[in-house]
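Encoded as structure tokens, the following chain is the form predicted alone, with no partner shown.
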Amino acid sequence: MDWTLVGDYLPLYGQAALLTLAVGVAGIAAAALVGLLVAALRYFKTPLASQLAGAYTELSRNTPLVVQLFFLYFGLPKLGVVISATQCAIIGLAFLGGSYMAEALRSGLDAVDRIQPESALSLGLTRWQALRHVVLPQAVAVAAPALTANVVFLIKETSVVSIVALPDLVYVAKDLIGNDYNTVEALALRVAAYLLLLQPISLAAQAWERSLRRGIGV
């Protein structure tokens, strides 16, 4: 291990780590919104909307992120739609992660006793108000372990976005190995960078999960 090289490479990995984190956070936020909408559509079982949500879930979960990114980055321009590598990565993560978030939330929604939303409706709340104020807080607490696992999963999936020339951690490592042949230093820094990114996120997610479950007594 050449520590001089490690010191020289650190700024490059710092920039790549920030980009990886930014893309991951944006993708996770978008995936959470998509997942919430899809879970709600499937929860209410409106025929057409529920079928469309189910079709999206199957398509998303049964196609690799690499294929989705290739379609977004190389396929859409053939149809006249051009998006940047960063936008492509965020949309891809949202498309993939939305289905996993939706399934996690749907399992939480199904775990809430049906008498609770029915009681909320009898008190004058709309279906969406009952979902937001009564059902969803309990569902999120039940689904918290799966949701936190999905967050970590999506951060790790950012390692694929280098295929659309986004200079993330994987891209930087491959570039350095190809140019300088310093494989050990490049790979060691990549592993260290992912650990430094993922460990705090994992710990924070676990703390959020415990706090959430204590808050509603689950």
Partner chain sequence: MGSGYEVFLEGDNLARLLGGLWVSVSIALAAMAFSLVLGVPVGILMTNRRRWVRAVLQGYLQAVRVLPPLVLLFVFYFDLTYAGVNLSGQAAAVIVFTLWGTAEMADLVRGAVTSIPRHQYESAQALGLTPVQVQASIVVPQSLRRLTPLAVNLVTRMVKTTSLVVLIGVVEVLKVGQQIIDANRFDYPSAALWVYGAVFALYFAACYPISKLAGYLERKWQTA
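Since this is a predicted model, take the numbers as computed values, not measurements. Residue numbers count along the first chain shown, from 1.
Separately, the form predicted together with the partner chain exists; it is not shown, and the next lines address it.
- Contact annotation for residue 198: at least one heavy atom lies within 4.5 Å of the partner chain in the predicted complex.
- Although the partner is absent here, residue 13 is not a contact residue: none of its heavy atoms lies within 4.5 angstroms of the partner chain in the predicted complex.
- The shortest heavy atom separation between residue 111 and the partner chain in the predicted complex is within 4.5 Å.
- In the predicted complex, none of the heavy atoms of residue 91 sits within 4.5 Å of a heavy atom of the partner chain.
- The single contact residue among 29, 66, 49, 37, judged by any heavy atom lying within 4.5 Å of the partner chain in the predicted complex, is 66.
- Scanning 147 to 165 for heavy atoms within 4.5 Å of the partner chain in the predicted complex gives 149, 150, 152, 153, 156 in sequence order.
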